[in-house]
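In the block that follows, a single chain appears as C-alpha cells, in the form predicted on its own.
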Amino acid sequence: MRRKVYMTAGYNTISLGSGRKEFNPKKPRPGIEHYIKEAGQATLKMVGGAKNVDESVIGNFMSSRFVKQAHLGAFAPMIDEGLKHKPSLSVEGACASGGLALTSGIRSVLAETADVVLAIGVEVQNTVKAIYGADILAGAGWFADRKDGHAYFFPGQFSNRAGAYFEKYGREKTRQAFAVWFKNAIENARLCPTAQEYENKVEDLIGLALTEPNPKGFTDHLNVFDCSKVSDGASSIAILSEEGLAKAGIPKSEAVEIVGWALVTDDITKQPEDPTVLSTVGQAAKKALANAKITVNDLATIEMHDCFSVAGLLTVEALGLAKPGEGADYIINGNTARNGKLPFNTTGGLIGWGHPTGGTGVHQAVTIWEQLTGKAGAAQITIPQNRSYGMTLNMGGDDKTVVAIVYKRAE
C-alpha cells in the first residue's frame, strides 16, 4: 500500500440479548444512541480526544427499520462536540456494514484526507419479535426471493446450504462438526465478559448442539444452536496513519498494521452456483492475503463470519485449509479451537459473542487488535513470533459482500 495504515484503541460494548442477565424483553433497554456514544467515547479517550480525529464513519445495516432511525453519520457530534462540523458518514452492506466502515477509514487514510478515523459498527435488533426480525434481515438478500423463501429467511438460506452439503458429503460427520463449532464458540465466549454467551453454564454443549432440527418450527437442516445471536451492541476502533499515531501519542506496540485488504461482491439477484461453496469469501481471502504477501499458513488467528455453523465449515474449505468435503474433519480434529492449529473466533464469534449485524465487522477487528497486542485478557491465545498475523472475514448476505482484512503486529 502507498501509505502505512494502523488500527488501535478498540472497544466493545456488551453484546446484549437473550442469555445476558441484563436482558429482559419486557423492560426498556438502551437505544442505538447509547451504544454509539459508549463505543465512540471509549475510543476517543484512548486516542487523546475528539481534537485528534479527522473524520468518523458508522457501519449499520437496518436501524431505519429496527429502531426507525436513519442518518447515523450525524450522530458523531453527539458522541463528542469536538466532532461537530467534521466529516462523518454511515455505510451499509448488510452484515458486512462494519467491515465497510473499516474499509472507508482505510481508504481515507490511504487517500491522505485523514490521519485519524473513528470507525463504529452498531445495531439494535431486539426491538421486534424474531419472526419479524427475520423479515427485516431478509433485506440482506434479494427481496424478490422473499415470498418464496423460508419464514426465517436467512436461516432457511443456510439450511439449504447445509442440506446440499449433507447430500454431497454426508450428514452425520457434518452435524458433529457443527456441534464442535458451537462448543468452541461457547467456550471462547465464556472467556470474554462482553460476550452474549459469557454466562452460559451448559455442561453438555455437544449434546445440546446435536439437537435434531425441527422443520415444523424452524428449518430443515439447522437448529437454533447453529445460528448467530440476535444482539444489540456496538464496537469502535481508530484507523490511523503513522502521523495519526504520533498525534494521538500511541506507540506502534499498541497498534496493528493493516497489511492487506479486499472488498469483493457478487450478484445479489442470483442464487449460489454451488451451495456447498462460499466463493466470494474465498476470493476476498485470496486477494487480501496476496495483497499482504502472505499465505493462510502465516496467520495466527482468524475472526470470521459464522452467522451459521455451516458458514464456519464452508469458510474452512474456502480458505483452502481443508479440501471440499473435508472441512468437518478439520474442525472435529480441533484445528479451529483456541488451542488448535489455527484458532478461529477467540471471543466466541457470531454464535458465541453475538451478532449486532452492523457492528460485527468492527468487533472482529477489535478482537484481532486485542489478540495481536496481548490485550485479550482471559481470552488471550499465544501468538507465535513467526506467525504474527491475523485476518478478519466479514460477510454480508448470503456470500454477496465480503470484507477481508489482514493485520500484523506493528513494529
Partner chain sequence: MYNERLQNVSVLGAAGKMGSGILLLTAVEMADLQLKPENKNKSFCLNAIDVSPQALTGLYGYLKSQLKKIAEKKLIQLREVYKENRELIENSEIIDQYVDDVLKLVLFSTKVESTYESSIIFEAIVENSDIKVATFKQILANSKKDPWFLTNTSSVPIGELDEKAEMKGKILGFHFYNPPAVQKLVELITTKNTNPELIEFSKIYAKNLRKVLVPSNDFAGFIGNGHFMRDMLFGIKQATQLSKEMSLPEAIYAVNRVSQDFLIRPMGIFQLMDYVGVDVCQKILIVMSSRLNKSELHSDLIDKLISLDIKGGQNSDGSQKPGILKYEKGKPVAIYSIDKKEYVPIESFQKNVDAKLGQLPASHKPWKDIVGNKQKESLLVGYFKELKSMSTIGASLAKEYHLSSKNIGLELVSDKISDNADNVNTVMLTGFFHAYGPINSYLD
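These numbers were taken from a predicted model, which means no experiment stands behind them. Positions refer to the first chain, counted from 1.
What follows is about the form predicted in complex with its partner chain, which we do not show.
Comparing 109 to 117, 326 to 334, 135 to 143, 81 to 89 against its partner chain in the model of the complex, the single stretch with non-hydrogen atoms within 4.5 angstroms of it is 135 to 143. Residue-level contacts in the model of the complex: of P251, P215, G207, G170, one residue has a heavy atom within 4.5 Å of its partner chain, and it is P215. This chain appears without its partner; in the model of the complex, the one residue of I131, A246, V202, A74 with a heavy atom within 4.5 Å of its partner chain is I131.
Although the partner is absent from this view, K37 stays clear of its partner chain in the model of the complex, with no non-hydrogen atom inside 4.5 angstroms.
Residue contact check for A151: one or more of its heavy atoms lie within 4.5 Å of its partner chain in the model of the complex. Proximity of R29 to its partner chain in the model of the complex falls outside the 4.5 Å heavy atom cutoff. In the model of the complex, at least one heavy atom of R65 sits within 4.5 Å of its partner chain. Residues of 156 to 182 are not found to place any heavy atom within 4.5 Å of its partner chain in the model of the complex.
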